[in-house]
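Just the one chain here, laid out as structure tokens, in the form predicted alone.
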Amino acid sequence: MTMPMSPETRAALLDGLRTCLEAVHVRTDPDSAQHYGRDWTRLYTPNPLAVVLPGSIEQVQNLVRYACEQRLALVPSGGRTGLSGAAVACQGEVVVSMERMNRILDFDPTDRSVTCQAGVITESLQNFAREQGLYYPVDFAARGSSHIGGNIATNAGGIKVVRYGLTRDWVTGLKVVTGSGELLDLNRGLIKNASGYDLRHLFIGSEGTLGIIVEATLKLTRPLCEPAVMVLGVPDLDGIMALYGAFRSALELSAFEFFSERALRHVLRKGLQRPFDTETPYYVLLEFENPEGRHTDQALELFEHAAEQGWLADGVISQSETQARELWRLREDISESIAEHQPYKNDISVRISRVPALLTEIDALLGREYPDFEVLWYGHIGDGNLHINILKPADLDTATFAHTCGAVSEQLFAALQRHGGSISAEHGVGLTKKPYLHYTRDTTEIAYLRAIKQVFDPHGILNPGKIFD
């Protein structure tokens, strides 16, 4: 709870912010507060003191130093596409938006690396890499609005993890402003560097609680060669994992996604076409390189074998790049298609081998506890990441809905703990998962996390209240 602030104190703090950067980039209007003060959760009412948009590392350092003097809470802000409340400013904090720091600074074709500011949009970086004949493989539906700095702060995953890994695997250098206003230049783009602790990895996934990421060096790779996409209709959960094992053993998969019929119906209402006539409870979308159609026959043989085993009921393989993009939309457009229903989201993970048992247990739990709510499943099942979305009934207020879902989350996370999983696979902890952190991290580990926070943010000004209190 924020303490009441007198008009005089507020005015003095705002005047101080205007000495850190140009006054035009200190915003206090209601529209800016709404726009910059929240993320995609929509569960919290934005209430920032101000929104500031620095244009340089020096200005970020000035802001942090001023915040230290005044004990002013700062919320680092990227594209605000997160789903955990980590970028929410609802307690009178100052939002530090990185959107003006959006330049690509350097490209090295020998190293296949690019250095950019934190506010570069993910899709812009992907397009830049493509222009160089290369590929940045961290990819997800929010690519058009998410920022590289935010991706790093949450260790973003997405749809290609099964082949390319997480954001962490592509960061070779970071510049970070700590909670004391110091600038750290970490790893400097090196592939090998065995000179002590690699602090870079502490900031990746730290959700802005240890420092403000201002610049990053990222490695690139070659692009996929003529990727083909298959969508398969699956009658039951066991079939999904059987298909994963069969196709992974024969083809190098770049994606293996799944979604439910209920999720598909929401996408179809937005104008997309059903991939084939047969309706099944679940669907798998997989992608693999297919230069000159060399792997088509092998994929079709796998399809026929899977059909004989009863693992699938129908399917389709893309015949063109356009069709591949349309098939991908069946999976990628789910979040947007259900946004109007204010879904309560759980983003969980478990070892791939334990996915079937966890899915079965949780599916029964949700069916029992949410008889009147629509529950949608989808996710990156090829890396053990499942997304559960409970849609809010139109006649139920948001607070009651969130409380009801949260009560069942305790049971869900207890089941997840029994299977050795994580309460957050890729969306972070933020505010929404904070009460449940103990299901993934034990008391000793959390104590070490707090100690690390104290080292890098001794005054507690960086995103306070996120991850833990």
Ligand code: MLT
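Just count from 1 along the sequence shown to find any residue number. Note that the structure is predicted; figures quoted are calculated from it, not measured.
The form predicted in complex with ligand MLT is left out here; the points below concern that form.
Peer 1: Of the residues N290, S335, T167, T209, which one places a heavy atom within 4.5 Å of ligand MLT in the predicted bound form?
Peer 2: It is S335.
Peer 1: Since exactly one of R143, R80, K175, R331 fits, which has a heavy atom within 4.5 Å of ligand MLT in the predicted bound form?
Peer 2: Exactly one listed residue reaches within 4.5 Å, namely R331.
Peer 1: Can you tell me if H427 lies within 4.5 angstroms of ligand MLT in the predicted bound form, counting non-hydrogen atoms only?
Peer 2: Answer yes; at least one heavy atom of H427 falls within 4.5 Å of ligand MLT in the predicted bound form.
Peer 1: Taking ligand MLT as it sits in the predicted bound form, is Y344 near enough to touch it, meaning that at least one heavy atom pair lies within 4.5 angstroms?
Peer 2: The answer is no: Y344 has no heavy atom within 4.5 Å of ligand MLT.
Peer 1: Indicate whether ligand MLT has at least one heavy atom within 4.5 Å of a heavy atom of F303 in the predicted bound form.
Peer 2: Answer no; every heavy atom of F303 is more than 4.5 Å from ligand MLT in the predicted bound form.
Peer 1: Within 4.5 Å, heavy atoms only: does F256 come near ligand MLT in the predicted bound form?
Peer 2: No, no contact at 4.5 Å.
Peer 1: Counting only heavy atoms and a 4.5 Å cutoff, which of 373-381, 220-228, 130-138, 88-96 contacts ligand MLT in the predicted bound form?
Peer 2: Result for this chain: 373-381.
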